[in-house]
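Let us start with two forms of the same protein chain, each given on its own as structure tokens and named structure 1 and structure 2.
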Structure 1
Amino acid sequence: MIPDKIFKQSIRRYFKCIAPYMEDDSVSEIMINGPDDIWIEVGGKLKKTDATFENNDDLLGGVKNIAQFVGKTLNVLNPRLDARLPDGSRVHVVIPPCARNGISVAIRRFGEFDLSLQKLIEFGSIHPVGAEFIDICVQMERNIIVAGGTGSGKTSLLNCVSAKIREDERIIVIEDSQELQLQQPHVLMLETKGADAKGRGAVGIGDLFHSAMRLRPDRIVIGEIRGGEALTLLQAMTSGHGGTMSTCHATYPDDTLRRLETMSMMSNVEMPLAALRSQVASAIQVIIQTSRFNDGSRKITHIAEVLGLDTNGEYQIRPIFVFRNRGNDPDTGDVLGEHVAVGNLPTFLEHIYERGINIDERWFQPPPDAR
């Protein structure tokens, strides 16, 4: 592995043609589709650039350097790479034979982590009281899932939500590649690893979760739930490990629960669907749904509580705050609409009072025009 400082210098050398974008805070993503097709995302919109690498070897040298920096191998046998750069950017690389356009790279820039729930309020991404309610859910140790589509801001939001965990808690973070940046003093970071060339030695999210449970956690934060490990996590959440938070790829609260259900079925454990559903419904208590809109903005579209199953075995979800979308401004193309309270009180209101947390029932009243 190469030290950070030397690596930063070599990134500047190998990725000279995209260096201006790597330093421009308005660029959120850089996409390389072979040596001479480079795109960037600015303000949520894609733009093709004039930048090019000298040739394929130039680009290959760069991505191999990244692999070396994170201690992974990138070659014909291991043609995919997940990595994180010292500036916090997340990189994914796919090389031929799996990438038909040539070496394909996406660099997601987070910069030094500076998003917060307060900033999300300023961006119009969340209802101010919604942000307050999320803080309360964290203090009340609710099990929270942040859900959304690809690039909708799930990881950024989980970063903001996890920032609300108290400083005196021991937090264990489990990720595929390091993206979360917790600022609390007592944080243990665990990272999965792939198998070797002979298919041996893979350590997945489920394995690390097993370890986390034995490492005396107050909180477990999981970067993303993607597969059969979902069942292990759900079982731990129902067996009294409160306050767990993670993200999941889904576009609507109901879809989020179904997705967790489907992922649980990918585990080796056979379980009747009814039992699985009741497990999902009792494990997940709060869903924060985020979405990327057609103007490039990201907004929290739902903050909802999961109540359980109804008599037909369907999920009961109680929205607390939603984003009311009113289409796009015909001149600017900006998404119009507002975040509103739906008029539902949280089910655990009494417990919030008992804990002496500041809360006002008026926060949950819808605006007059929505009643």
Structure 2
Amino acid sequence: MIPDKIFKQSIRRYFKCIAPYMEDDSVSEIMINGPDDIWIEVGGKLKKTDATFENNDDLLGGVKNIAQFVGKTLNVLNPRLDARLPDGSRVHVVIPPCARNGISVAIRRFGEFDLSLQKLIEFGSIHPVGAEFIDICVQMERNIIVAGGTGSGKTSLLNCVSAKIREDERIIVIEDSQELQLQQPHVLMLETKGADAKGRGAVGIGDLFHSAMRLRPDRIVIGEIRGGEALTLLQAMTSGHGGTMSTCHATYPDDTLRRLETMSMMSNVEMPLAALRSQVASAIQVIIQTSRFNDGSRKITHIAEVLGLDTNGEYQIRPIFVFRNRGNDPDTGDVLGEHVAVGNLPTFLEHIYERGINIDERWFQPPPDAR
């Protein structure tokens, strides 16, 4: 590995053609599809740039410099790389022969986090009542999964949701690469570690979750569940450790539960499907679904409660709030629609009252035209 100062100088040398985008807070992602095909994402929309690298060797020198910085190997035998830059940006690289377009790089940028549920309300991403209900779910220590597709804003939304955790709680955060930016005073950050060139020393999310359970957490927040560690998460949630939060790639709430089920099967523990489904349904209590729309906007499309399994062993999901999409404005192309209640009261309403939390049952009444 090489020192930060020398690495930053190398980055400026090798990546000088994209330096303006690396310093522009409005750019959320930089995508390099070979030395002369560079795109950026601004405001949720893709835009091709005029930037080019001088030649392929210039780009190759840059990505190999990144690999050296993080102590990993990038070559024909190891053509893929996950890394993080000193500014917190996440980098993924694929080189030939796996990358047919040439050296392919995606740089996901994370500026200083200043988003909140209040700002999401101002952006039209969520209704004030929906934001208030999420706040109550956090206070009630419900196990929450934030789900959505790639680029739908899952991590940003999880940041907003986790901001509602009380400041007197001890929070342990587990991530593959640091993206979450919790603002509470008592936060312990854990990060996975890849294997060395000989395949030794790997530390995965499941390993860190095992450690987290022994580090006296009040809350555990996991950046994203991607594999067999899902089963460890579910078992912790069902063992009385409430208020755990994570994200998951999925398009709809029922897809979220099925994906968690599938990932749990990737673990080394063999379990009958019926028992596994029962664990998933018992562990996950609230799903917050987010999506990126064709106008580049990101909105919360579902806030739903998980009720368990029905008599046929299928997941029961109780939607509380949904986004009703009315298409696009013919002039601006903006997505039209509104967040509405669907008429279902949360099943833990009585417990909310017992905790003395202020809640109004009228929040959950659907608008007149939806009845």
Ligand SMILES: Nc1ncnc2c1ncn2[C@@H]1O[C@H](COP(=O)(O)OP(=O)(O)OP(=O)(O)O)[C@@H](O)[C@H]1O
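It should be emphasised that the depicted structure is a prediction, and the values quoted were computed from it without experimental measurement. The term rigid core refers to the maximal set of C-alpha atoms that superpose within 1.5 Å between the two forms. Structure 1's sequence is the ruler for residue numbers, which start at 1.
Quiz item: Of structures 1 and 2, which one represents the form predicted alone?
Solution: Looking at both copies of the chain, structure 2 is the one that matches the description.
Exercise. Once the core is aligned, please say if the CA of S246 is shifted by at least 2 angstroms between structure 1 and structure 2.
Key: For S246, whose C-alpha is compared between structure 1 and structure 2 after core superposition, the shift is less than 2 Å.
Self-check item: Core-aligned C-alpha movement of R318 between structure 1 and structure 2, 2 Å or more
Solution: No, the C-alpha position differs by under 2 Å between structure 1 and structure 2.
Quiz item: For G102, is the CA shift between structure 1 and structure 2 at least 2 Å following rigid-core superposition?
Solution: Yes, shifts by 2 Å or more.
Quiz item: After superposing on the rigid core, how many Å does the CA of G61 move between structure 1 and structure 2?
Solution: Once the two forms are fitted on their core, the shift reads 5.3 Å.
Exercise. Look at the Cα of D25 between structure 1 and structure 2 with the rigid core superposed and state its shift in Å.
Key: Displacement of the C-alpha, rigid core superposed: 3.4 Å.
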